[in-house]
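Let's start with one chain on its own, the form predicted on its own, as structure tokens.
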């Protein structure tokens, strides 16, 4: 009977351990096995295994069929032992820091044919490394491999950050991270997720919204009744103001890629999102900081950047498909100052703004199976630059395209764009991209 009780105890313990292993591996479940729970389960496991071994050794040898009618046979005990050994190996492999490592990412090849420019192919490979040393500590890094104009390989660290989960409502992190400003940087920038082969104008070279930051952050989400708020706030190296001393044509522009700060002041920023229903989200973002280099003749200059965003994603039955609608507006307001590029004093109101709105429709419920893999997309975006700046021409662009999905993370994109730059001839362009997420 001791053996029977031990078997029952082992069965209960194995069921508990198996349940905890499954919970520990579930990506969206925070009920992980802690180190203390793991050690306690391991001790109980070893105790029950020792009891079974002792009971088996103490039982008198009997001929087959002469033991207890309802008791376990030697073969039953041997099978249980093998199952226990297998679960023990699984437990050992599942210990935090040993197996919770993943390599994912994306890659793409793009073709661009624009008027008055040479057509060209480009390609990039962007691996993303994910590691979970413990149930609360996370690390992720993204590295971008590309080719420059001379065929040399360029390597860029897109981001590398560590974060610690305090509780369900708060996570702290540090490193180089995608800036929680608007939607595009954090959620849409991977080539297979972005609906178009290029970025919105407000995030390009002449853009006004930050893309990555180097510093610390806190973020989380809070349910309020049937709705949800999410938030992120960060402290980082600030943007730098181009005074025109080295690049006269870019006087007044802000540059956000700062691996070391240009002054003793840091930027403060963040975003607050509100989801009245799961399919809809409204967001407000901001970033503030001093942007003048230490010792610069332009004096103290503050920059305040703010933005609004909107998301609507839902499968609409009567239209037999999935609608994805995005909108972002950003405005940059920089204190007045006098720029002196090439010894020519310039003064202009250094305010810039821009937006993009895009819509995508995929007939996921179409009766024609072939059509379900197509997606039809459209985008409008513009960028307003300050009058009097070296680069003051406003940009306006229309984009339409068709995407064909080879798999849930593999897509072919075909896009036509028309770019209108104030004072210059309009530019028509055709873009194609093959992108894959892995």
Partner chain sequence: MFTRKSLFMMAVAGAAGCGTAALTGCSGDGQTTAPLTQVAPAAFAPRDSAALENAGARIWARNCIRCHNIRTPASFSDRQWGIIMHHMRVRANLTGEQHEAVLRFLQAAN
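Numbering follows the first chain given and starts at 1. Given the structure is predicted, the values throughout are model-derived calculations rather than measurements.
Note that the form predicted together with the partner chain isn't included here; everything after this is about it.
Quiz item: Hey, in the predicted bound form, is residue 220 touching the partner chain, heavy atoms inside 4.5 Å?
Solution: Yes, residue 220 sits close enough to the partner chain in the predicted bound form that at least one of its heavy atoms falls within 4.5 Å.
Exercise. Would you please decide whether residue 108 lies within 4.5 angstroms of the partner chain in the predicted bound form, comparing each non-hydrogen atom pair?
Key: Residue 108: no contact with the partner chain in the predicted bound form.
Quiz item: Even though the partner chain is not shown here, does residue 288 get within 4.5 Å of it in the predicted bound form, heavy atoms only?
Solution: So residue 288 does not count as contacting the partner chain.
Quiz prompt | Partner proximity in the predicted bound form: residue 186 to the partner chain, non-hydrogen atom cutoff 4.5 Å | solution = Judged by the heavy-atom cut-off of 4.5 Å, residue 186 is in contact with the partner chain in the predicted bound form.
Practice problem: Scan 206, 340, 281, 353 and let me know which has any heavy atom within 4.5 Å of the partner chain in the predicted bound form. | Solution: Among 206, 340, 281, 353, a heavy atom within 4.5 Å of the partner chain in the predicted bound form occurs only for 281.
Quiz item: Among 296, 358, 230, 265, which has any heavy atom within 4.5 Å of the partner chain in the predicted bound form?
Solution: Only one option qualifies, and that one is 230.
Practice problem: Among 156-164, 328-336, 298-306, 245-253, mark the stretch whose residues have heavy atoms within 4.5 Å of the partner chain in the predicted bound form. | Solution: Heavy atoms within 4.5 Å of the partner chain in the predicted bound form occur in 156-164.
Quiz item: Using a 4.5 Å cut-off on heavy atoms, which residues of 408-438 contact the partner chain in the predicted bound form?
Solution: If the 4.5 Å heavy-atom criterion is applied to the partner chain in the predicted bound form, 408-438 yields 408, 409, 437, 438.
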